[in-house]
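Quick setup: one chain, the form predicted alone, written in structure tokens, and binding and motion questions come after.
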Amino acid sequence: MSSLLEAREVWFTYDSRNYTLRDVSLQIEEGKIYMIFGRSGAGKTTLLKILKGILKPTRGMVFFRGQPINSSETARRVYSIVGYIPQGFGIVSNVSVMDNVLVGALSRVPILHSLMGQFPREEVERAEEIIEMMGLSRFKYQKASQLSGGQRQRVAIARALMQKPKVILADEFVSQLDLLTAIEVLDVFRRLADEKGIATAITSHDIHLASRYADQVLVLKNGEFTLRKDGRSVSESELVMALR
């Protein structure tokens, strides 16, 4: 199967001396979950930002469906269909669940209309469908600050889904959750992968759920991948050794 999104021989430095990523290559395929592990400073967040297009590689290239993302037009198109959930979820605490989710439609709505809170009926209906799918209907008009951690994460996923993404990149998305809530959230990603073909790349420190959810497990250490393995066959002891 051809890749949706690919980083090919990517190097990256913030200061022109020390490389955060070193010759990193990664292919993200439709309907698969990738879990990327590594200690703090290993380069996980930097890699997701490069895949999203927030950062440009110092060397190397990012491709979408085999085409290099080397023009502003291609970059804008890809940016709009790659959902990105940053650490802390990136949701606005003092506005409602509905308003947070509608943010995901901004690329399709005229700026003046969005500033006035005037979204087309079809976008509002889509937001309502996604909110219902995420089990958040009864919280639709509550402020995000009034929700639990797991509920806020579902809002972040719903907002990403409003982009109509092919890929979702989630940074440290379950690392601060209790086990049961983490399972609930990862169940959502598994369902999106299996039923809608949405690929997901999740960075994490928590190795315990890798074999249950990941189609591929990767370990990033000092800016390089030191382990790539089918998630179903990886062991926790193997991950621990790779992270040391």
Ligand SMILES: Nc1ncnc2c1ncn2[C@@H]1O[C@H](COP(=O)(O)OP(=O)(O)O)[C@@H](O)[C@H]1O
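In this text the structure is predicted, and so the values were computed from the model without any measurement. Position 1 is the first residue in the sequence shown; the rest follow in order.
Unshown form predicted in complex with this ligand; subsequent notes refer to it.
By the criterion of a heavy atom within 4.5 Å, K44 is counted among the residues contacting this ligand in the predicted complex. Residue contact with this ligand in the predicted complex: R39 places a heavy atom within 4.5 Å of it. Heavy atoms within 4.5 Å of this ligand in the predicted complex belong, among the stretches 44 to 52, 65 to 73, 209 to 217, 182 to 190, to residues of 44 to 52. Counting a residue when any of its non-hydrogen atoms is within 4.5 Å of this ligand in the predicted complex, there are no hits in 155 to 171.
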